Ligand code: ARG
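Read the single chain below, which is given as structure tokens and is the form predicted on its own.
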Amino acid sequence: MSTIPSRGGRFAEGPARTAAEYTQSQSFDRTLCFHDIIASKAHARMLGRVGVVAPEEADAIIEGLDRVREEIASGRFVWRPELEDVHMNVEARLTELVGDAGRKLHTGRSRNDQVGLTFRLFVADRIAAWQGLALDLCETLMRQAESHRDTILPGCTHLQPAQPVALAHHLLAYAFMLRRDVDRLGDAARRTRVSPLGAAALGGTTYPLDPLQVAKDVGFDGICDNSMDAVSDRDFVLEACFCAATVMTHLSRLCEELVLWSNPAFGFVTVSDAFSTGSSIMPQKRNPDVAELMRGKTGRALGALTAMFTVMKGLPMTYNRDMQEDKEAFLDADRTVATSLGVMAGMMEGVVFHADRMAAACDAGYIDATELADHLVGKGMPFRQAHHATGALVALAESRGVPLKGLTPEELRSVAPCIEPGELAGVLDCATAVRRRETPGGTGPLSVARQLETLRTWVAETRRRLPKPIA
């Protein structure tokens, strides 16, 4: 007869060694051990309350689970590969400690709904952890923005100089990306924090269980409405992986700018020694390796999302063993996102911005052209005509190798006769251009101050709402 407890008496012998090694998950799902114990304690309390097991048996189970938790935490727990997964390892040790009461823990549940609840608890915890790390990075960006309200650099479209912007404004663009990430994660968490326990294998159970009480006991908001959906749903993993991929995409964009800006051709930033490396052959090199590697690790998060969609796309109802693949995909995404957010916060804290190089770059690319066009509009010229006239003046200045303010009054009036001598002195100035853009969300100093205040309020409120760790 099989010696695998979860197989019961149906099989005369255990699986082939290669099959057992291929299908085991305890080597990676043991990470979920504390969440499994929390879920099992809630189930045991409920079994005792509804009378499915005697109150003293429920107490013994809970006490035994606490002892198992202490053994795992202290490193004394012996993991047994032949028991397939974390759930059977915990239950087997529980039974060794408390005897027959431990064998009653699984009453009214299947590993299908047990796994679902355990993993939901784990994912909910990791989502909250990602949110906290994203808030930390957001505050780092805000501190740098505070220090660089008056620093001006060329804002780009198509990676070409476009208009002057405040460096604070540029940095806050990433802070607002992170705000969306945190809000998106919170929305995903709402759908994660739903308990499938009570669905059993797929059709529910005949025992008089109280699934809602279990959900409340573990801090969840409700229960699944359909037992077949409950055990086959992995949308919460898909959503979490999508959020992870989006976070990493945002970080990758920031990494790309750090890589570009640290090149001496730009010279906008110096990444600290703590987050740079040298060359094995070229002694002058200062490589932004950490930013490059983070940019590369984005592929891991995108891969986890693709893997999960591939696993789920063809599965019939209800639980299928394919779904075991959700753990490694999510765990890899979790490691990638959590470490990347923490590393980026440290890297951005130590970045030195070179305002002089940014200011010098503003003199290239005719980024004051829009100011001239707007000035002409202010003098009554239709915008399309002003746009065309300014383009002609840029072409003229470019042919002469001078900035727009280097054109003579005669050259200016040859294209735009409405321009009076000397009136552009205060117009073709990058600092003035930035100060004039005070529309909501603009780069002007008052707008930037409003953005910072919006973010401060949001960070404080979001931190207060973050759920405490479940395990």
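Note that residue numbering begins at 1 and tracks the sequence as displayed. Values in this document were obtained by computation on a predicted structure and should not be read as measured data.
A second form of this protein, the form predicted together with ligand ARG, is not displayed here; the remarks below concern that form.
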> Tell me which of 338-346, 290-298, 313-321, 269-277 has residues with heavy atoms within 4.5 angstroms of ligand ARG in the predicted complex?
Replying inline: 313-321
> Taking ligand ARG in the predicted complex as the reference, which of S227, N112, S262, T205 has a non-hydrogen atom within 4.5 Å?
Replying inline: N112
> H169, R120, H87, R126: which sits within 4.5 Å of ligand ARG in the predicted complex by any heavy atom?
Replying inline: H87
> Does any heavy atom of K327 come within 4.5 Å of a heavy atom of ligand ARG in the predicted complex?
Replying inline: yes
> Going by a heavy atom distance of 4.5 Å, is D29 a contact of ligand ARG in the predicted complex?
Replying inline: yes
> At the 4.5 Å heavy atom threshold, is T462 in contact with ligand ARG in the predicted complex?
Replying inline: no
> So, in the predicted complex, is S25 in contact with ligand ARG at a 4.5 angstroms heavy atom limit?
Replying inline: yes
